[in-house]
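Below sits a lone chain in structure tokens, taken as the form predicted alone.
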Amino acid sequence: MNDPNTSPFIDVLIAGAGPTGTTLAIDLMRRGVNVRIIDKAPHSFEGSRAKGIQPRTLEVFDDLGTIDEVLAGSSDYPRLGIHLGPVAAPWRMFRNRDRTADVPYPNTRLIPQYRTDSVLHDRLEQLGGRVEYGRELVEFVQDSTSVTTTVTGDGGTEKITARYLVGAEGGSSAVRSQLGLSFLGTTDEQDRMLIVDAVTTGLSRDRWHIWPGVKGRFAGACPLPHSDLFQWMVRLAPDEDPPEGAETITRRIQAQTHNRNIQVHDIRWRSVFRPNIRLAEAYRRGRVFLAGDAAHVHTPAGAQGLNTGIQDSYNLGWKLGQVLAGADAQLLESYEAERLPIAAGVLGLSTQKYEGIAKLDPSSLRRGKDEQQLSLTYYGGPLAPTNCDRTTTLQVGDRAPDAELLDTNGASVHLFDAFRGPHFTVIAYGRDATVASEELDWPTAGAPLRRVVVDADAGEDFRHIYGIKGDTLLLIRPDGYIGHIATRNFLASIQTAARAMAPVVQQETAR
């Protein structure tokens, strides 16, 4: 007799429906993976918290089919206005760049997290999924083939058995805690920031306002695009009780800004933030993985946390899909090997920026290529060995840039158009590389392969961006990173690389 509280076996259970968890659910569902995503909150997040979307994340959103909605709901970052007494000194945090052939989304976008969540949840529903709110994972056990979880909610207790479990439920992750993984780092209980989303009068919306104060105290007010809200950030004194209510918060802001015209009302969200700087000792135990803030938490400076979490999911999604389709499970070992060093580096960057803001270091207010995450590479990792061929501009493990090509009708097309979707892409330039591309036998299980041949007469832009000097064959992973480069020995070398990332090609039985 079946237990009525036990659900059918699924492929992946995701705990946590913020941007990290929802990105993973979207990527898995478009691969045909059977997914459930739960969140212990009663409804979606209502605050602005993580509000900066970096160029690399915009490319991920392009691939996932959400870029138009994200761009429509966001804006370029406003200039800073640093208030020094009666004077407000202008400061440009970003130098806005024009789109180029290799970088289609060159500028960081400002969008409140509640809107990012909404866009991702809508996309999940388009694919046939939904977030199960009010459902909390309380415990799990795993064996060599599955993970059995206990989930509670208003409807009672449910046993969900999945092949894999992913904890994406934030810094207080129950999944990480039950795995017994250390969360290495520090939390400064004396350093607190009041964050408030509220309608504000008496303040212009054309600036991100900053009021520096003594001992690192400051207040900031960022206008949230396509709304009448500001996100207020007020650094509190160590022994200060965080103010509550519009009237008390207004008085605190007026004391910091020395501007009695500022009035806060209609508070939509309020939180007290403490700068956690932590990194999990591991991203995986058996069939259980961590992603996003469950694996690493950052200061808010530099807009890195949400973006790094989304990149975690983008890295893990295709690998889970491949292994579920029959690829060697060793592929999953590359998730931690590729993502943990990235998170450690990003953690150092955001910490440096946050400490600099407290010291009024102008360089801490400036944002550049390090924050944009376009130059991150997996070179030297398990899927990008250092003994591979390279071009004059790229090596294995680098982000595969966009490039403009001409189709057979002479119309402009982009490489990212070919990359978009849950597949691998092989790019062939030159006769020998093209022959190898055509002869490459790809498995029918798992992510399919799209073949692109770049004609010498139509690929000048491609040759320049990709550093091509002669016949070259490139394999692009589903997450947009270069999985292999061959400038010789084309077919044999790409077959070797593919075996680490794809199921075994099943040879037809001779009749």
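Fair warning: this is a prediction, and the values are worked out from it, not measured in the lab. In this text, residue numbers run from 1 along the sequence as written.
FYI, the form predicted in complex with a small molecule isn't displayed, but the following is about it.
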item: Listed residue (Ala168, Leu415, Leu320, Val234) with a non-hydrogen atom within 4.5 angstroms of the small molecule in the predicted complex; value: Ala168
item: Residue among Ala458, Leu449, Ala41, Ile67 with a heavy atom within 4.5 Å of the small molecule in the predicted complex; value: Ala41
item: Interface segment, criterion being heavy atoms within 4.5 Å of the small molecule in the predicted complex, picked from 31 to 39, 449 to 457, 466 to 474, 479 to 487; value: 31 to 39
item: Asp389 within 4.5 Å of the small molecule in the predicted complex, heavy atoms; value: no
item: Contact of Phe273 with the small molecule in the predicted complex (heavy atom, 4.5 Å); value: yes
item: 4.5 Å heavy atom contact, Arg135 and the small molecule in the predicted complex; value: yes
item: Non-hydrogen atom contact Gly305 with the small molecule in the predicted complex at 4.5 angstroms; value: yes
